[in-house]
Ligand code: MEV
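Taking the form predicted on its own, here's one chain by itself in structure tokens.
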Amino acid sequence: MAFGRGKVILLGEHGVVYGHPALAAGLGVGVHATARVSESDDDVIVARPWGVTARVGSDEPLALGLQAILEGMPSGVAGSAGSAAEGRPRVHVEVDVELPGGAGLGCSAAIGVAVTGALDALFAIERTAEERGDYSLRWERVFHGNPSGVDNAMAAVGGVALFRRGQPLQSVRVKKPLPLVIAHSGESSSTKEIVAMVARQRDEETQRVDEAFGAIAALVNDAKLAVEAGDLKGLGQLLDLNQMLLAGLMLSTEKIEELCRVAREEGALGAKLTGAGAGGCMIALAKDEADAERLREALAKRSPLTLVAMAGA
């Protein structure tokens, strides 16, 4: 069995696609995957919670993702049974998903990392967690076109880290665990479509969008210092500023703004969307774990899914 964890972007969405830093945190919930040699003549992936069975060769997204992972595996792994043309046995992969899709929590990346890990175990392939995250970008490209790489990196490594595209994760020392409340807006969004929408904005108004990305990058660097110092109040203020800049890029929605407002009225230190935006989830920073549970209860009245996560614990 292998595990891929969910994640939240604390600060830095979208700018990270263009080489700016993002600050991310891994979650304790995610995706478990198992892999075995298939008894059929097909490579198959089963997503049990969704009741989906997909066979490689079909246009089912899960099948395309599995195909992308398998195409990079060394030939001849795990013996000579199965397909002589591919030099490996056919595989049967099953995934148990604990995350909502299209919510900004890195669900697809968690699946990709878990599937890669399960196949590595089946084929006796050794990789570090960082290498597994890098390799599973094959899966992410199927679902998101031009992903930044932060989701699959955090799905594999966890903790709190500074991410910059094309560079190794920089782990961040967490002086005090971050009590986060996650609330789903009830609106799904496509990361691929939203990234493309921001790219169109940038093409049309390059200076405005690049200035926003530069401002967000400055917030990310300040947030890293706040996390290392245990300054939750300062971090909360940075979250609010990041949300304002993301809203200026048309990435927020009325529902996300409502959830952020309620969280702040209930005493949250800061609140913002997390992930691609235009739907999905928001995060709120609480004073401590007990306060986070109180905030979760308040947000649960307006959200179909809420949870508390102690990032960096």
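Keep in mind that what you see is a predicted model, and the values were worked out from it rather than measured. Position 1 is the first residue in the sequence shown; the rest follow in order.
The protein also exists as the form predicted in complex with (R)-mevalonate (MEV); that form is not presented, and the subsequent description refers to it.
The candidate spot formed by 2, 5 and 108 lies out of contact with (R)-mevalonate (MEV) in the predicted complex, as no residue has a heavy atom within 4.5 Å of it. This chain is displayed alone, yet in the predicted complex one of 183, 150, 239, 115 has a heavy atom within 4.5 Å of (R)-mevalonate (MEV); that residue is 150. Contact with (R)-mevalonate (MEV) in the predicted complex, defined as a heavy atom within 4.5 Å, holds for exactly one of 275, 279, 26, 270, namely 275.
Considering (R)-mevalonate (MEV) in the predicted complex, the lone stretch of 175-183, 190-198, 93-101, 229-237 in range is 190-198 [heavy atom distance within 4.5 Å].
Although the partner is absent here, residue 295 sits far enough away that none of its heavy atoms falls within 4.5 Å of (R)-mevalonate (MEV) in the predicted complex. Put simply, residue 9 is close to (R)-mevalonate (MEV) in the predicted complex: some heavy atom of it is within 4.5 Å. The closest heavy atom approach of residue 16 to (R)-mevalonate (MEV) in the predicted complex falls within 4.5 Å. When (R)-mevalonate (MEV) is considered in the predicted complex, residue 206 lies well away from it, no heavy atom lying within 4.5 Å. Contacts of stretch 216-251 with (R)-mevalonate (MEV) in the predicted complex, defined by any heavy atom lying within 4.5 Å, are made by none of its residues.
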